[in-house]
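Take a look at this one chain, the form predicted on its own, written out in structure tokens.
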């Protein structure tokens, strides 16, 4: 009888080693290796895949337009690319308590009301706990099936019997295959369970949502291959102490990536925010110095966001650079541009920059707004509260053009903005400027005169 071979697998990234190591050579994390038994390949068990077990040429494959059905939640439709597609596998990740299970239970209930067969499999809560949540969300009228199970073989048996249109697994880290000796949640179990769910989804042409836990760094736990196996990856972001949540698509084979949907957590569940621009700029004193409004593109949607900066004398030898919602390295670069090109000495000042609403801004089109907020706080002089500021800033102080300028300007006009400071090069493509005054600038030094 041959002895089962074992290996050590990093539970953060899936790196494999023949012996235990204190530090992973791949992700550089400490004490993440767990001993697992190697999975033996099953021989002589051919299976029929999506193509019926044989390769096809392109001419043999019938083309068809993807069919979507409405989730009943417009913000969720937007993030998915227009609705749920049969045969798609969607991974939803987020911090504990952020609202992943609440959102998918609402989706399950709305799908059931459309006469869709829905199976909600929970490995973390009992059926009675799920019913309590359904009562809180007022979903008892919807007729969808609930099952508390973690054994993959049992789940497959009921999926084959019920043949649901929509399958929800909460969460993938609790599901295990009894043929694999490692514990539930290990890299081997997560990889194998996801592989089996993916095969069921593609063959049966149903839609599947799986919930994934996240690590301390905010990434979905388990091997990185997990995100490559699924069709769509959604991240639920937000502060647990606040009421607003942002659902972001970071991968989508059927729609735009970096698309976002905004929700508000209420006592009765998640309520979609149909006009998030108003949310991100409402409240506060817009005429105060250090405050600037800009327009950012998130996926296909323009969003108006408020950027605040506070510049003050440093009490330490090393000035602080604290940022929320923007890259701290980008802030240091913009402050260097201000010092070099505008003569403002900021080397002995602390800088605090914040994006209101908890939104994470990654595009460079907000550079000019961040620079203006810093400059406004330093000079203690404000910009007009009805002024929109858009543009990318280069190291030489030049202001470069940005994409989707018309979408940004139209969003500003819709919310009553009267003036927009934009890159001069973008003025050439703007046609309908009625209702808003456009000011083109080509260098950061040209912006300072618009301070009040």
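Residue numbers count along the first chain shown, from 1. Source: prediction; values computed, not measured.
Only in words, not in the display: the form predicted together with thymidine-5'-diphosphate (TYD), which the text now covers.
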query	finding
Heavy atom within 4.5 Å of thymidine-5'-diphosphate (TYD) in the predicted complex - residue from 137, 148, 113, 273	137
Contacting member of 313, 157, 266, 228, with respect to thymidine-5'-diphosphate (TYD) in the predicted complex [4.5 Å, heavy atom]	266
Candidate stretches 176-184, 99-107, 83-91, 296-304, one within 4.5 Å of thymidine-5'-diphosphate (TYD) in the predicted complex by heavy atom	99-107
Non-hydrogen atom contact residue 341 with thymidine-5'-diphosphate (TYD) in the predicted complex at 4.5 angstroms	no
Contact of residue 202 with thymidine-5'-diphosphate (TYD) in the predicted complex (heavy atom, 4.5 Å)	no
Distance check, residue 95 to thymidine-5'-diphosphate (TYD) in the predicted complex, heavy atom within 4.5 Å	yes
Contact flag, residue 133 vs thymidine-5'-diphosphate (TYD) in the predicted complex, heavy atom cut 4.5 Å	yes
Contacts with thymidine-5'-diphosphate (TYD) in the predicted complex, stretch 152-167 (heavy atom within 4.5 Å)	none
